[in-house]
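A lone chain, given as structure tokens: the form predicted on its own.
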């Protein structure tokens, strides 16, 4: 009986290939495929090629492409101009981050008030963000000339303005100011959106307790918008390390090397001196600096971001 029953049982049904689980997985892969293809083609492959080029001595004019291992990295460590370049990069980045974020937060707090015509002011402060970067920089180049508009305005008050772009100190200050005014509107909008998300009940309770306005800002506003502060700091620092057009149009890295930041120095080595291998090595250095600074900021989020505590 048992043998007969086993022999008469129907064979096990074969599981179909296109199961619901596999269809869902395929749909997910198709949705992320465009982004993964873009990251692979425009990020991972170029990054690998840059590292490969950094291991070679590549001179386009001489049509030479020789493998030299870590030779470019040894040149990097002994480059006499690199400390000054890194110093200029640090000064520009620190100045840009402090003034950009400070001014953006101040404007956001002011524009968060319910005043008549406030929309017009928001538009005016944000409009430089959408202006062409090169056009913006060229206009400021004319304004900052020795006989430009800024010195003409100072002359009406009896002040003799300096040659802004021909002195090391004023040249760096000028480049920072031009960049701050260009992009402060973007951070302002981010801060403004964060401020509008802070519950008003917290301020009402603080006013009932007699808390001064400054303490309300430090104890309520800053902690509540701390995630946005972290985001804007990362964006601003990464952007400050990638500045190029302003330097190329306004100062060409001068006077001397006072405004030669890392990206412009990379451009000079690769496209002016035709040392593409060494330029690729500087690109690797830039990538490492950006990655390390971003990682440090991200790790500090537990101390700086209210929601991470």
Partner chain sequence: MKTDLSPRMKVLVYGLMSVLLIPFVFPTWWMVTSSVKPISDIFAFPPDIVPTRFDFSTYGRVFELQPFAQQYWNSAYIAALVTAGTMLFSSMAGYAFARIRFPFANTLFMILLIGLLIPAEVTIVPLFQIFLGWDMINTHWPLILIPIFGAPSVFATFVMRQFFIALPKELEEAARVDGLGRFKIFWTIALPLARPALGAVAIFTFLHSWNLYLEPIVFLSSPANFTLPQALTQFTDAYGGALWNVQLAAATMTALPVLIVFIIAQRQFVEGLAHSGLKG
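Positions refer to the first chain, counted from 1. The shown structure was predicted, so the numbers you read here are calculated from the model rather than taken from an experiment. Each form is matched to the other, and the largest set of C-alpha atoms that superpose within 1.5 Å is called the rigid core.
Although not depicted, the form predicted together with its partner chain is the subject of the following passage.
Trainee: I need to confirm a contact call. Of 86, 143, 76, 172, which residue comes within 4.5 Å of its partner chain in the predicted complex, counting heavy atoms only?
Mentor: Contact residue from the list: 143.
Trainee: Among 82, 97, 231, 90, which has any heavy atom within 4.5 Å of its partner chain in the predicted complex?
Mentor: It is 231.
Trainee: At the 4.5 Å heavy atom threshold, is residue 164 in contact with its partner chain in the predicted complex?
Mentor: Heavy-atom contact with its partner chain at 4.5 Å: absent for residue 164.
Trainee: Please check if residue 128 has a heavy atom lying within 4.5 Å of any heavy atom of its partner chain in the predicted complex.
Mentor: Taking the distances in the predicted complex, the answer for residue 128 is yes, it comes within 4.5 Å of its partner chain.
Trainee: Under a 4.5 Å heavy atom criterion, is residue 53 part of the interface with its partner chain in the predicted complex?
Mentor: Yes.
Trainee: So, in the predicted complex, is residue 294 in contact with its partner chain at a 4.5 angstroms heavy atom limit?
Mentor: Looking in the predicted complex, residue contacts with its partner chain include residue 294, since a heavy atom lies within 4.5 Å.
Trainee: Give, in sequence order, every residue of 105-140 that has a heavy atom within 4.5 Å of its partner chain in the predicted complex, or say none if there are no such residues.
Mentor: Contacting residues: 106, 107, 109, 110, 111, 112, 113, 114, 115, 116, 118, 119, 121, 123, 124, 125, 126, 127, 128, 129, 130, 131, 132, 133, 134, 135, 136, 138, 139, 140.
Trainee: Taking the rigid core as the reference frame, is the Cα of residue 28 displaced by 2 Å or more between the shown form and the other one?
Mentor: Shift at residue 28: 2 Å or more after core fit.
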